[in-house]
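Shown here is one chain on its own, the form predicted on its own, set out as structure tokens.
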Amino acid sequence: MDLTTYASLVLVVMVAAYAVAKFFKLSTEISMFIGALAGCVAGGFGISARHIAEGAMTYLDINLIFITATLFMNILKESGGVAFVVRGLFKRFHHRRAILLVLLTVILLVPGALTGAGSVTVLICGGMVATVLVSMGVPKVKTAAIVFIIAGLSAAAPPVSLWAMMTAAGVNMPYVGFFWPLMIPCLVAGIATMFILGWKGKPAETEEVLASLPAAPEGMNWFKIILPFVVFLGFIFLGRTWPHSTVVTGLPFMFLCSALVSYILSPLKLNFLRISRDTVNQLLPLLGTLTCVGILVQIMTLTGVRGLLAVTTVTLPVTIVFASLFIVLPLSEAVLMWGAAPVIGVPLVLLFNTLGLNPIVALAGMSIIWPLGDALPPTAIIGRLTVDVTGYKDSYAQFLKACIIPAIIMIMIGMLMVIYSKQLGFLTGL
């Protein structure tokens, strides 16, 4: 049996095992793990404890980033900082709709940008932003669409873009130069979404809205909110200004320091251990996904399936690859969630690199499209979470319909970034 046939048979077994597990309504994480085990057995390696352990540790550094960054966001929320910001901006700009919409976009982008998870954006500030938007006359279905789309963009935004980080790791490409290629399109698409869906409405009833928002504790002020971010940005500034004289601390340590500063400055007495425990419980699905994805990628590499996918992708007609990106990327995210990055993203980046395209800009463009899959079945984790948090009770299909125009904008931006990545290469050096 030649290697291509061997790898193809293993791939069929892995896909079949995954499909059977999903048929029995097992979680995506368990389904991927079962698919990996089936592939390992079909490949003649049995149940290899060594490769399972190695694969489980593949994304340990990314897991640490998620935990520490989300801990920082949760402490900021528990201390009343998020409520203080939303209430303060609403009181100041409720009569200036355009400015308020831009500021609400930024508020929604920050949690996911720092943690890499759109679900964190939804849980940290999605409910409060939804309350403000509904009070401004935005229908609940459009409010839910706004929160979902911008939460997805926040997960793609720098400094922590999960899809870009996992794909870059898969092709041994340093996660450097992604800031502006990710930041500019995320801001443009986010603001466009907010104005397209949220511009029409009515003046908000100020007192009614403030009464419905969580109260900000006494003693909370802008200094206590901004200083933890200054600490985080200070670490980044030192590392980039004096790279050869500064100790490499890593993002988890930076986020942990910011979390401790936020905890110390909190006007409320917080239970650090409880918040830490709740943070890990909140992230368990994401941590489980990354662990199982690591195992899946390890087994695919071991059995040659990963190489088969890479070679097949590289040899496909370029026109077909470009024309199918807007379908393949969201669907792969809907089925594999973040596992789509190493499984689909890696061979695509290798192909784009062989074509002479800029792999950083092209990967950034794909990262703008991937989040759309988080609203599609069978997983639809962030989509359904958004519907619950924003209080939208009607048809889920209507929610998806409300997302169509912003989705088209994201697809167009992402596709143009991939096709013209070479011309946009200057963004990596800004």
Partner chain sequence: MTPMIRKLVFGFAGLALLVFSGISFYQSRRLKEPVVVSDGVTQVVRLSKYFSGVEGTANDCNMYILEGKEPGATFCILGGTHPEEPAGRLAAWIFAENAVLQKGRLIVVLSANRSATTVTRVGGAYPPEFSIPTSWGEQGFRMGDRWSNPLDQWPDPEVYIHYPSGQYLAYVDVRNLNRCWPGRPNGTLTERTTYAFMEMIRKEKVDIVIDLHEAELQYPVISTIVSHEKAQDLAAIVSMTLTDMEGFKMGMEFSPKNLHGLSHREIGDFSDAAGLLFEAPEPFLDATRGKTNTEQLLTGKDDFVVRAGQHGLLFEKIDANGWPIDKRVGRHTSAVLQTMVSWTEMHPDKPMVCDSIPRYADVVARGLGQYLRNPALAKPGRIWYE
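Positions refer to the first chain, counted from 1. Since the model is a prediction, treat every value here as computed from it, not as a measurement. For the two forms, the rigid core is made up of the largest set of C-alpha atoms that agree within 1.5 Å on superposition.
Just so you know, the form predicted together with the partner chain exists too; it's not on screen, but the next bit is about it.
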Contacting member of Arg97, Lys224, Lys142, Arg306, with respect to the partner chain in the predicted bound form [4.5 Å, heavy atom] = Arg306
message = Exactly one residue in Thr319, Thr315, Asn281, Asn271 has a non-hydrogen atom within 4.5 Å of the partner chain in the predicted bound form; which is it?
response = Thr315
message = So in the predicted bound form, is the partner chain close enough to Ala397 to count as touching (4.5 Å, heavy atoms)?
response = no
request  = Mark Ile264 yes when one of its heavy atoms lies within 4.5 Å of a heavy atom of the partner chain in the predicted bound form, and no otherwise.
outcome  = no
query = Might Gln423 be said to contact the partner chain in the predicted bound form, defining contact as any heavy atom within 4.5 Å?
reply = no
ask   = Applying a 4.5 Å heavy atom distance criterion, does Leu64 contact the partner chain in the predicted bound form?
value = yes
task = Choose from 86 to 94, 193 to 201, 292 to 300, 144 to 152 the stretch whose residues reach within 4.5 Å of the partner chain in the predicted bound form, heavy atoms counted.
result = 292 to 300
request  = Let me know which residues along 5 to 24 have a heavy atom within 4.5 Å of the partner chain in the predicted bound form, or say none if there are none.
outcome  = Tyr6, Ala7
message = Tell me whether Leu238 is among the residues that move between this form and the one not shown (Cα shift of 2 angstroms or more, core superposed).
response = yes
